[in-house]
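Taking the form predicted on its own, here's one chain by itself in structure tokens.
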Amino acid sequence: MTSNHINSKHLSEIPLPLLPPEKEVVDEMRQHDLLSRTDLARLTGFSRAKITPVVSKLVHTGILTEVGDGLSQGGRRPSMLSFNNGLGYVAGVDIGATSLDIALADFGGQIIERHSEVADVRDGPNLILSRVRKLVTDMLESHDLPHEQLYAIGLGVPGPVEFSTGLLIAPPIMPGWEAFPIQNYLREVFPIARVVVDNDVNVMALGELSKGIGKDVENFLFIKIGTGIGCGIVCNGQIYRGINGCAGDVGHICVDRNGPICHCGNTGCLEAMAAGPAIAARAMEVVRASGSEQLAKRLAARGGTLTAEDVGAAAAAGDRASLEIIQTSGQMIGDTLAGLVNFFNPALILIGGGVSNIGFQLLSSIRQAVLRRSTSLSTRNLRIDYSSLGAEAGVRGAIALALEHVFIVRT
């Protein structure tokens, strides 16, 4: 394992929660490998008189460790500090509509073990979460780690979450999950762990913010296109969730009042018109109209079903009908994003989720629509690209979510 075991203390021996100045120093240390006291004073804005006792306490408790001297800047060589990654462990859990991705990580965010498998969120919380409990338990036991050293679990789910309570509220594609006590269910097995639940696209945005190309970007949007469509909003370097935790639910913006009925009960939602199932449904219509030999062959090979990935593969092989399907979805998504760009003026839009893998044509269509419908000033410094973390974004974000809540500020 790669954890830092310089200090033998564990988190259970350290008085928690931290005071606000201590938490601020810890947050800075978690973002950097090595810092001096002078570095910390500069980053936090604390005076030398204020930073010294805060750092001394964190070193005494074992949260920070002295790791030798740094380079001289003209005077005495500074003593360098490092965060003690070996204090404990966290788990990151990314529950998708059709997948489950879990990782065990140390306090530095270094992944120790990871597991991914196919799963159907419609199977309900008892089946999915019991699997989560078993997989996390197996990971801990395979590394000889007691449950008491798992201090937080970050969990992303594909539905609207009331962040303050960790409860799903009226999730369209998650029957049986509404108001299910996820936190209590996981704490039955991991009693020490803080369990933090958030919408999956917020978690993916947090992954890019912590480990991806969004790390140094103050304001950006993460758009997940999969079974549904959602948006994670990063504002001033923080995830913006809104008053109840449901900010960014762009999949239910209406794009056609005469469109199909959405899972939410309304008609013509972006999600119902342009997400993965809509792309697959449009492909089926093309096949029934004898409009694509490529798609017809794929339908026969798959035994009567098509997916968005099939459309992407056919488009890559030059199938014109498939290209038009992708362009139509990209245009609808881009038209919706143009409104967000005019409103929010982000520096970056990242596209992720399973449907993002169907090819460059989707991204190109989104870009064209955004540039066409947004004001020139709002797009002057705008970059639109695929997620730099790809399939890693969710689990990386879940780990970051867990780590954010290990040290809770006393109020």
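One-based numbering along the sequence shown. Since we're looking at a predicted model, the values are computed, not measured. Just so we're on the same page, rigid core means the largest C-alpha set that superposes within 1.5 Å between forms.
Absent from the display: the form predicted in complex with a further copy of the same chain. The rest refers to it.
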TL;DR on 287 to 295, 203 to 211, 309 to 317, 248 to 256: the one with heavy atoms within 4.5 Å of a further copy of the same chain in the predicted complex is 248 to 256
Residue among 99, 183, 331, 82 with a heavy atom within 4.5 Å of a further copy of the same chain in the predicted complex | 331
One residue of 281, 127, 111, 235 in contact with a further copy of the same chain, assessed in the predicted complex (non-hydrogen atom, 4.5 angstroms) | 235
Using 4.5 Å between non-hydrogen atoms, is residue 140 touching a further copy of the same chain in the predicted complex?
-> no
Report yes if any heavy atom of residue 45 sits within 4.5 Å of a heavy atom of a further copy of the same chain in the predicted complex; otherwise report no.
-> yes
So, in the predicted complex, is residue 169 in contact with a further copy of the same chain at a 4.5 angstroms heavy atom limit?
-> yes
Heavy atom of residue 20 within 4.5 Å of a further copy of the same chain in the predicted complex | yes
With the partner left out here, if you bring back a further copy of the same chain in the predicted complex, are 323, 327 and 364 all within 4.5 Å of it by some heavy atom?
-> no
Residues of stretch 331 to 364 in contact with a further copy of the same chain in the predicted complex (4.5 Å, non-hydrogen atom) | 331, 335, 339, 340, 342, 343, 344, 345, 346, 347
Examine residue 266 after superposing the rigid core and state whether its CA is displaced by 2 Å or more between this form and the one not shown.
-> yes
